[in-house]
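Single chain ahead, by itself, as structure tokens, in the form predicted alone.
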Amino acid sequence: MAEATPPLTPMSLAVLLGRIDNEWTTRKKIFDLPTARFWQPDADVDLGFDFLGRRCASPIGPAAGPHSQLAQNIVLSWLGGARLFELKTVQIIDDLEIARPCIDMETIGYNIEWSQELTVPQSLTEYVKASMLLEMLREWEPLTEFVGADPGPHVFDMSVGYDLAGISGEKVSLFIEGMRNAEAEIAKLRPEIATAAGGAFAHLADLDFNPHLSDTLTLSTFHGCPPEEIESITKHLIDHHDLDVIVKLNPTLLGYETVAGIVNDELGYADVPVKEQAFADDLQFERGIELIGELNDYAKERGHKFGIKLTNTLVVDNQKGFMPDETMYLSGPPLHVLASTLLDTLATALPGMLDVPGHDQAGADIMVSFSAGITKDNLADAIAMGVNPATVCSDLLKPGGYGRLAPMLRNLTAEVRDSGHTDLAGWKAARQSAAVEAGFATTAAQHVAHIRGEGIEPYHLSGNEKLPRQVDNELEMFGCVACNFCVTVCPNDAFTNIKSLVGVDAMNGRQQYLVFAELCNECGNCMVFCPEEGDPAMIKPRLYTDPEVFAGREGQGYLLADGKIIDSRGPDPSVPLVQQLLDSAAGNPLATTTAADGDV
């Protein structure tokens, strides 16, 4: 991002509540997600599970990434059915300069972004804000019809990285302690509730908000972290912060020959250059097996729980050229095969230790979290492997976005119910028995045999070669094919759509798109999926409410105060059109925002 301003400027709690009220009143949506994509638990099927001893009402949620950084992202995931939130990784360096674009979902999935793009204190505020919003929405009567009277419990799981020096420093330590006791942040935010949206949420201003946001943490060791550093960080988090800890592992544990053989040969991605040096730099398999056992013993001796997460992304050379860095990180379908294979390999190497089917002995208590190419079609098989939870990232970056979560849960519900079970525990036990009858040691072994055999198509190059649809047309500020992709593929909810008034010149009542510029970090995902030629994030009207951010950016844009344009850059004739669009019958999404708010 060339401009001399931060990549993201979060919306205040008051503005978020104003948007909720406005969108619900005018369109029966929340942050552009329609009620048809909200998830309501089935009273006859319990999809709940225990996350390190804490109950979650569903086994999915956003992985630590672009969908778990801002408050509205977490609300969107919750509405879709997520109940485990792996919050975006926080590290001591909070003024990163990430090259743009940084996400490429054209076929499988690549990225070059890795930790929070907010300051550490901003990250804490966002998560407190999100927690408060979820508690308010649980009590908000209009929503009961669509999410149920009891949407079930959820868990916030922190993520930090990447070395002991940074994690033990004051900045990250204060973040962790703030997540454990957020009373001060709640006190700062609470006054905004009474006046937001004309007092529409004033009756919730005195809720007894839970200040204890999180006491679990997934350690992101990233690539090349030595084993002694992983050990030291984990012990520090247990001893100093009294946390239950999960350690995220890398697919490189499988070894270069195995990974290259799967990606390049079995799956057909011959042009994906797997970096051999990354395998030499990463934790080695035998030491990894020892470390898992040692850290589990260390946690148990101190009354804590320990888990592992499979897996981090895979380091590869960037030969596509869409993103600017030399190295990029592979995710999506091929990573699902690698992570599932690693789970099967670890289950064999750690008999009776992993909390997965087939390891039912006393002491099999190492929880396995999972994040690798989860989709609606493979979620049930992944959960049957025993992973708790299956977190999602790449699939949410495709058209439909957060709206893809509820169909996943509905499919899983149907599979459990149709098999004659009422909860995940009984269903997983039955799946394990069926796997043994079919000649497999575990459901993980059965799933790996399937996806590397007759079920390989969704993971193979041949099943992922199709490019997003394109039309031979130059994208314009007003008017387009109105596919809505820019709204749904944006992880930050930076786009919104409004149906313009009939008779307005250049718009003719068609659906139009607006960009909340302070929520756009130019990740490039909307550009990948837009059928027309051009970058929607730069071409569609960019709305600002923060004068300083507006002044620090370049290109077209419109500075608003109480929903009115008070300054602009760009073609003068567009100003009245944008104002008419904002004032249209669909409702001005920022009408309650003032320049004094200093945020959006």
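A residue's number is simply how far along the shown sequence it sits, counting from 1. From a predicted model like this one, the values you see are computed outputs, not experimental measurements.
What comes next is about the form predicted in complex with a small molecule, which does not appear here.
> With the cut-off set at 4.5 Å between non-hydrogen atoms, does Tyr162 touch the small molecule in the predicted bound form?
Yes, Tyr162 is a contact residue.
> Using a 4.5 Å heavy atom cut-off, state whether Leu335 contacts the small molecule in the predicted bound form.
Output for Leu335 is yes: heavy atoms within 4.5 Å of the small molecule.
> Hey, in the predicted bound form, is Lys248 touching the small molecule, heavy atoms inside 4.5 Å?
Answer yes; at least one heavy atom of Lys248 falls within 4.5 Å of the small molecule in the predicted bound form.
> Heavy atoms within 4.5 Å of the small molecule in the predicted bound form: does Val274 have any?
Result no; Val274 lies far from the small molecule in the predicted bound form.
> What is the one choice in Asn378, Thr313, Ser77, Thr496 with a heavy atom within 4.5 Å of the small molecule in the predicted bound form?
Filtering the options by heavy-atom distance leaves Thr313.
> Heavy atom within 4.5 Å of the small molecule in the predicted bound form: which of Thr89, Thr488, Asn521, Gln446 fits that? Just give me the one.
Only one option qualifies, and that one is Thr89.
> Select, from the options 348 to 356, 129 to 137, 275 to 283, 390 to 398, the stretch whose residues sit within 4.5 angstroms of the small molecule in the predicted bound form by heavy atom distance.
Within 4.5 Å of the partner lies stretch 390 to 398.
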